[in-house]
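A single chain comes next, written as structure tokens; it is the form predicted on its own.
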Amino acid sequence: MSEKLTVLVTGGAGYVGSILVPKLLSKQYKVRVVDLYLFEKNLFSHCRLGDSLEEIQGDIRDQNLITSALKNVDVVIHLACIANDPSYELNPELGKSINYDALCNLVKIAKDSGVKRFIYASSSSVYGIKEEENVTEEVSLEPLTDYSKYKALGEEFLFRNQSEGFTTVAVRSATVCGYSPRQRLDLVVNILTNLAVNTGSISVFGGEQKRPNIHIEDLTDLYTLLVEIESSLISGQAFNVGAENHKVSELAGLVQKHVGQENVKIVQTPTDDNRSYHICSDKIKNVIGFTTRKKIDDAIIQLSDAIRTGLLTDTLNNRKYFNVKMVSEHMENLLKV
């Protein structure tokens, strides 16, 4: 592929996208973002490089908008979705329309439009509860929630459309952590760090569940790498990507250690959320040579600094940091499309 690729990033103004887009621009790609911009409006004002960045405010369910946005696009990185189970469960029909139906339309239109590569943000939650010591990509998918079910079905649909001229790849990411200009504080490491800094107390529901995590900088480095890597290495494949597998109670211990407050308490309570899995990321290392560079410790330190310095404000109450609150707030408009 040439150096002047045009990359469409759906959900490009989201938690991951707001880190990814500047990285793509730094690689001299032309980047087109499609996003509703519900959370932040001016994320990329610092990196407007002539005509290298085009921002389209709109809904991925709008077929006319998507058809137009895909013109002359080489690569799609599909991040847009109703993210996390609580947000999805606010309205499962809405969740399916965005997370699955819109994906299917996007894949079909992209293929018909001459897009060469489609990179799909799946999730390691597609595995459900697993007893295996290391969950590889060959392990059966047993999603426990509608959110993870439609992530898995989305992979199936994407791979059915794999062809010689249309490279498809799915990234089964661990839970993401760390600072972003479009911050999320409803992900496990980020939740625990926010509580520790602001309240001196960490609430742990359960604690024995294994939850793999990955630093947002590593995940966005991977997406950048996948844009141009040799197609034969990735075509029609799913890849696990995670950095560290810890029990939730162990994550709380890391937060307690790095927040630097001696009196941070950890309060454990029972939960019926038994999702637990220990993903193995050897395949992506062996196939394309990708390894993570950041640790969960880095995410905790970075995020706690952002809260303490005021880079993030009112982090216990500001709705924009919590997907379920924002989706609920905008539900009426989302249902109109």
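A residue's number is simply how far along the shown sequence it sits, counting from 1. Note that the structure is predicted; figures quoted are calculated from it, not measured.
One more form of this protein, predicted in complex with a small molecule, exists but is not displayed; see below.
A.B. asks: Can you pick the stretch from 291-299, 277-285, 308-316, 34-42 whose heavy atoms fall within 4.5 Å of the small molecule in the predicted complex?
C.D. replies: Partner-contacting stretch among the options: 34-42.
A.B. asks: Sort through 194, 220, 168, 123 and report the residue having a heavy atom within 4.5 Å of the small molecule in the predicted complex.
C.D. replies: After the contact test, the surviving option is 123.
A.B. asks: Heavy atom within 4.5 Å of the small molecule in the predicted complex: which of 226, 243, 110, 79 fits that? Just give me the one.
C.D. replies: By the 4.5 Å criterion, the partner-contacting residue is 79.
A.B. asks: Is the small molecule close enough to 11, 184 and 187 in the predicted complex that each of the three has a heavy atom within 4.5 Å of it?
C.D. replies: Looking in the predicted complex, the three residues 11, 184 and 187 all sit within 4.5 Å of the small molecule (heavy atoms).
A.B. asks: Indicate whether residue 211 is a 4.5 Å heavy atom neighbour of the small molecule in the predicted complex.
C.D. replies: No, no contact at 4.5 Å.
A.B. asks: Going by a heavy atom distance of 4.5 Å, is residue 152 a contact of the small molecule in the predicted complex?
C.D. replies: Close contact is absent here: in the predicted complex, residue 152 is far from the small molecule, nothing within 4.5 Å, heavy atoms only.
A.B. asks: Residue 30 near the small molecule in the predicted complex, any heavy atom under 4.5 Å?
C.D. replies: Close contact is absent here: in the predicted complex, residue 30 is far from the small molecule, nothing within 4.5 Å, heavy atoms only.
A.B. asks: Taking the small molecule as it sits in the predicted complex, is residue 59 in contact with it (heavy atom to heavy atom, 4.5 Å or less)?
C.D. replies: Because a heavy atom of residue 59 falls inside 4.5 Å of the small molecule in the predicted complex, the answer is yes.
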